[in-house]
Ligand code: HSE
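Only one chain is shown below, in C-alpha cells, and it's the form predicted alone.
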C-alpha cells in the first residue's frame, strides 16, 4: 500500500496541549507526515511547532481527504468527535484517539464499524496517559485469564488527596490549587465525581474480561466528602484514602465500581502520589503486576499516541488487513453486579451527642442488620457537645450496611452520618 519513499499522511483533529505534543513528537518522523491539523479557533496563539499552513477549521475536509490514511482524534468529548470518527472509518481511515469518553460510551458502535471497513482503532492514550496499560493487556499479557483490575486512574483526584494528606488542608483548598496549576479543569466535575475514572475502568475491564460494558452500569462515587479528618484517621489505622477503580470477575458477573477507599499502606497503590496513576492487574499466570506513571500531560499522552501510530505504520506497510490482536472480537455485554450486592469492609464516621448510651444504640442498629463491628472509637467532646464515633466493620454486604446507615440517619441518636468509605484489605 505504501512504498519506501512515500510517507503515510495523517490528519490531526484537535491541537490542544496533547495535540501539540503529538506534533512535536512526530516532527521529522521517517514515515509519518502530518498533512492537516483541525482547530476550532485558527486565531488562537499556539506553539511555534504548529505550522499555520496546516491548520484548518473545516474538520470534515480532513476526514474526507483521500491522501490521509490515519486520523488522530484529540478533540475530546462526544460531539463532534463521534460523528467525525464514524465518517472517517467509513472513508476507510484508521483511527488513533486519546478520547476515553468516546471509547467508553460509543466503543461498541465504532469497533463494529471499524471491523466492517477493515480498519483499526488504536486508543492506548485514552487510559492513564503514558502508562502502556491497554496494549499490555491486549498483547504482552493476553495469555492470562484476568481476575481483577484495580487502579488509581485519575491524576486530579490523586493530587488532591495527596496534598490533603501531606499538608492537612481541606478538599476545597486543594481543588483550587489543582485548578491553578492546571491539574484540574475549570469545571472539574468529571474528575472529582469519579466519572473520568469510570470511563477508563470500563475500557480496561472490557479488554481484560472480553465483554462489553455499558458506561452507565459502572457505579461511581467521588471525593467531595473526604475531609482532612478522614485522611488523618485512615493514616492512624494503617490505611490511605485513594479514589480507586476496581473491576473483578465473579462467576458470571463483573463487579465494577469507582469510589474512595481505604487501602493498606503496604499496598503498592498506596505509594502512588501526586498526579500519577497506577494500575494493578491480577492474572492467573503473572499473579499481580502494578504499572505506575504519569497519567496525563503533553508528552506522556503524546508518547502513547505516537506508539499507536508506529504500530499502525507496521500494519499499513506490511499487512493486508488489521492485526487480529487489535480487532475487537467480543460483541456481547457483561452482566454487572449491582453495588448493593458487593461485599466490603467499611469505615463509618458519625457525629453524635456526647452522652451515655449512644454507642450501644449504634451497635444495636448495626447488629440488627448483621453488620459486625471490627473496631469502634469515640473521639473526645467538641465545643458543640458532640462526639465523633469512627467504626471499622468486618466484611458485610453493601445493602446491609446501607440499610443500617439509613436507620441510623432516621433515628435521633446521631447528628450526622459524616462519611462512609469502603475498605480494601
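Numbering follows the first chain given and starts at 1. Since the structure is predicted, the reported quantities are computational estimates derived from the model, not experimental observations.
Quick note: we don't show the form predicted in complex with L-homoserine, though the next part is all about it.
Of 73, 308, 230, 191, which one comes within 4.5 Å of L-homoserine in the model of the complex, counting heavy atoms only?
Of 73, 308, 230, 191, the residue with a heavy atom within 4.5 Å of L-homoserine in the model of the complex is 191.
Looking at 234, 122, 156, 304, which is the one with a non-hydrogen atom within 4.5 Å of L-homoserine in the model of the complex?
Contact check passes for 156.
Just one of 102-110, 251-259, 336-344, 148-156 has residues with a heavy atom within 4.5 Å of L-homoserine in the model of the complex, so point it out.
Correct option: 148-156.
How about residue 240 - does it come within 4.5 Å of L-homoserine in the model of the complex, if we only consider non-hydrogen atoms?
So residue 240 does not count as contacting L-homoserine.
Whether residue 185 contacts L-homoserine in the model of the complex should be assessed with a 4.5 Å heavy atom distance threshold; does it?
Heavy-atom contact with L-homoserine at 4.5 Å: present for residue 185.
Close approach of residue 200 to L-homoserine in the model of the complex, 4.5 Å, heavy atom:
Taking the distances in the model of the complex, the answer for residue 200 is yes, it comes within 4.5 Å of L-homoserine.
Is there a heavy atom of residue 296 no more than 4.5 Å from a heavy atom of L-homoserine in the model of the complex?
Flag for residue 296 set to yes.
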